[in-house]
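One chain is shown next in structure tokens, namely the form predicted alone.
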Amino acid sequence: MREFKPLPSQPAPQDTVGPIHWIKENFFSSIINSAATLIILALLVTVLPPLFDWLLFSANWSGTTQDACTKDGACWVFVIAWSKQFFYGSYPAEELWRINLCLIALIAVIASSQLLSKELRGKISIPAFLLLPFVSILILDGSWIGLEYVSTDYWGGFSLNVLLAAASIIIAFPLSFLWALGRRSDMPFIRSVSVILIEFFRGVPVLALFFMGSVMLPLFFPEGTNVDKLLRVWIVLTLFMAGYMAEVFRGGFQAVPKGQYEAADSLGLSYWQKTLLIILPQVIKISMPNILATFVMLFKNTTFLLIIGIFEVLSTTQTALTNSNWLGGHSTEGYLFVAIIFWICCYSMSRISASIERKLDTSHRN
């Protein structure tokens, strides 16, 4: 009887593994793909070298005035010279630590939601998120806690975009959840009120809401009450965000299987226990991509504040471009700078959302 002798394992064929195979499969798998790859490569070779030369190698980096822009490249001196106004607006220079403190607190709260355990996250991160907008207002205003008073007329720049968007998102999140529950309620009055609020704030353009907040909202306050313009904008942004988020949550509620509701009822849980402990986590997991899209939309919509005369980063850039000392045509550098910092923030939000999705993923696909 012949004895079975296994042959030694052989390496994979060279034409099925390795970087050359990957390039072949992804870029030159057919005649059309090969032609598209070559055309794109030709475009990149034509466009990228002069672009990088203008952006970096021939750019002007040092100096404090327009006269320092002597090379043919971009004049980043303009951005550097106006960097304080771009980031902080007209906030007093000696009080900038307050804005930095609020931004650090925001980063710390976001990081805590990622790093803390599930039990601590519920006890620390969520209350910290809800308190952050109000604590930030107290710190930036200063008059309530014994610091120098800084009027909201001096708040501005990119920090205002970030803090205003964060404050609106944080307050709108629970509000939109309640509106979504109200829309699904069996009580006609609550359902009607929720539907009217959602459809109104979702259907009216944000620019019209800003004008209504500036002109009409003071009419709803008692006579003689002077409501700060920035506070009015915050209210409008929060309600606008809540309208969109409520629909996102409603879609999430409808996607949760009916058996989850029945299982929670069979355990004898109350309405709020069932909603908060069983349904809400699943709704957030299902709705996370749409929630992120709404966050990004709101963050970008903060640039519309320039229409009503609030100096966030975009309106500050436009003001800088009209300054008589910088009339050298630096709009490309200014708008490119604004686009880059907005892209960085939106991409960071996308990564955080992806991380949350992975944490909430309870599927068994792998």
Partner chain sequence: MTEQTPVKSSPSFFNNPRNRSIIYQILLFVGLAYFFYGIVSNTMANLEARGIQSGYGFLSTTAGFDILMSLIDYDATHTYGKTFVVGLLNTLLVSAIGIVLSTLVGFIMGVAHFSHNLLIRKLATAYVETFRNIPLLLQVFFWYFAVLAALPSARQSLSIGEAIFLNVRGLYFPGLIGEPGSGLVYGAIAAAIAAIFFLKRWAKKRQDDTGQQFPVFLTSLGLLFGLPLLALIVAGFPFVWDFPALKGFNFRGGITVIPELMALTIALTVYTGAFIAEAVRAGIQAVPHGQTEAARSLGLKESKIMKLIIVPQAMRVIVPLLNSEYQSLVKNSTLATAIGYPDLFTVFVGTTLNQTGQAIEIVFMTMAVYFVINMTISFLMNRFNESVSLTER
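Numbering follows the first chain given and starts at 1. Just so we're on the same page, rigid core means the largest C-alpha set that superposes within 1.5 Å between forms. Keep in mind it's a predicted model, so treat the numbers as computed, not measured.
The discussion below concerns the form predicted in complex with the partner chain, not included here.
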- For this chain shown on its own, do E199, I307 and Q318 all sit within 4.5 Å of the partner chain in the predicted complex, going by heavy atoms? yes
- the partner chain in the predicted complex has a heavy atom of only one listed residue within 4.5 Å, and of Y261, F134, F211, Y154 that residue is F211
- Query: Using a 4.5 Å cut on heavy atoms, which of Q66, T37, N323, S58 is close to the partner chain in the predicted complex?
  - Reply: T37
- Is there a heavy atom of Y244 lying 4.5 Å or less from a heavy atom of the partner chain in the predicted complex? yes
- Answer yes if any heavy atom of C346 is within 4.5 Å of a heavy atom of the partner chain in the predicted complex; otherwise answer no. yes
- Might S350 be said to contact the partner chain in the predicted complex, defining contact as any heavy atom within 4.5 Å? yes
- At the 4.5 Å heavy atom threshold, is D72 in contact with the partner chain in the predicted complex? no
- Partner-proximal stretch of 261-269, 89-97, 106-114, 215-223 relative to the partner chain in the predicted complex, 4.5 angstroms, heavy atom: 215-223
- C-alpha of F28 moved at least 2 Å between the shown form and the other one on rigid core: yes
- Message: Taking 2 Å as the cut-off, check whether the CA of M297 shifts that much or more between the shown form and the other one after a rigid core fit.
- Response: no
- Task: Classify T37 as shifted (yes) or not shifted (no) between the shown form and the other one, where shifted means its C-alpha moves by 2 Å or more with the rigid core superposed.
- Result: yes
